[in-house]
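Next comes just one chain, in structure tokens: the form predicted on its own.
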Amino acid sequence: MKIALIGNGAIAKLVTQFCAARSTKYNVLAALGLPSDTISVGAHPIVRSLPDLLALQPDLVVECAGHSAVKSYGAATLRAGINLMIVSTGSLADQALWDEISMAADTSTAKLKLPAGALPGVDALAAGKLAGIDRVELKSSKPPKAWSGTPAEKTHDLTKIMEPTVIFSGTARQAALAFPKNANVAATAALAGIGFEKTKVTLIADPGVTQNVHRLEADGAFGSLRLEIFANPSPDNPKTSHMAALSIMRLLDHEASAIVI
């Protein structure tokens, strides 16, 4: 499978290493990078424009560069008939962008693929939706330093938080848009379940945790769901979970496997 990346950061590095270790299945052709990206995270080259990336005729483009990358390149990739995997699912909380992306997928031969990221139970949530879900609530706890560079810095002194502190409470749409590097799980829960407005999200700065902790609850005709994950942060970026990269690898495995579970 020929793969192209959008992004040249921590997640791109882990995906590249995964593909390199399975070179008989995957070939990373290139990555679309920023002007500041002078060194590739892998053996593949860095290109500077989407046309240059798509000219390599990849089977799948994997976005791992943030909300702005989805906005700039997502719909165009799909309209070119090339399958797209979006890691920055929080970007899809932007209704106008979601409309553009979904229309591009609907009107082309390409498919949009959304990995579960660090969210546990996406399969159960999506299956439960078929019977009807009444409530979905997500609580995400991370060490205070993981919330640096977010709106939480304006409302809290992160260096002085000594006990679990709620830094945000609202809808999944509000969480995903306000915390683009921290709340992709909120968007994934909304997309798999009952939507951005009905999904309740609480974000917590907790000095007592060293991992990213996500607690998902859902109730409906299917029954009740209670799941919790203590996810290690990415080796190169404490703001994201290692599971985010692992979920991409799982989807890639699906693409290249005869048996899918």
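Sequential numbering from 1, following the sequence displayed. It should be emphasised that the depicted structure is a prediction, and the values quoted were computed from it without experimental measurement.
Form predicted in complex with a small molecule: not shown, discussed below.
Trainee: So if I measure heavy atom distances to the small molecule in the model of the complex, which of the stretches 143-151, 125-133, 69-77, 167-175 falls within 4.5 Å?
Mentor: Of the options given, it is 69-77.
Trainee: Answer for G33 alone: is it within 4.5 Å of the small molecule in the model of the complex, judged on heavy atom distances?
Mentor: Residue-level check for G33: yes, a contact with the small molecule.
Trainee: Can any non-hydrogen atom of L60 be found within 4.5 angstroms of the small molecule in the model of the complex?
Mentor: Flag for L60 set to no.
Trainee: Is there a heavy atom of A65 lying 4.5 Å or less from a heavy atom of the small molecule in the model of the complex?
Mentor: The answer is yes: A65 has a heavy atom within 4.5 Å of the small molecule.
Trainee: Although the partner isn't part of this model, could you tell me whether C19 comes within 4.5 Å of the small molecule in the model of the complex, counting any heavy atom of the residue?
Mentor: No, C19 sits far enough from the small molecule in the model of the complex that none of its heavy atoms falls within 4.5 Å.
Trainee: Considering V87, L92, L84, A190, which brings a non-hydrogen atom within 4.5 Å of the small molecule in the model of the complex?
Mentor: Of the candidates V87, L92, L84, A190, V87 is the one lying within 4.5 Å of the small molecule in the model of the complex.
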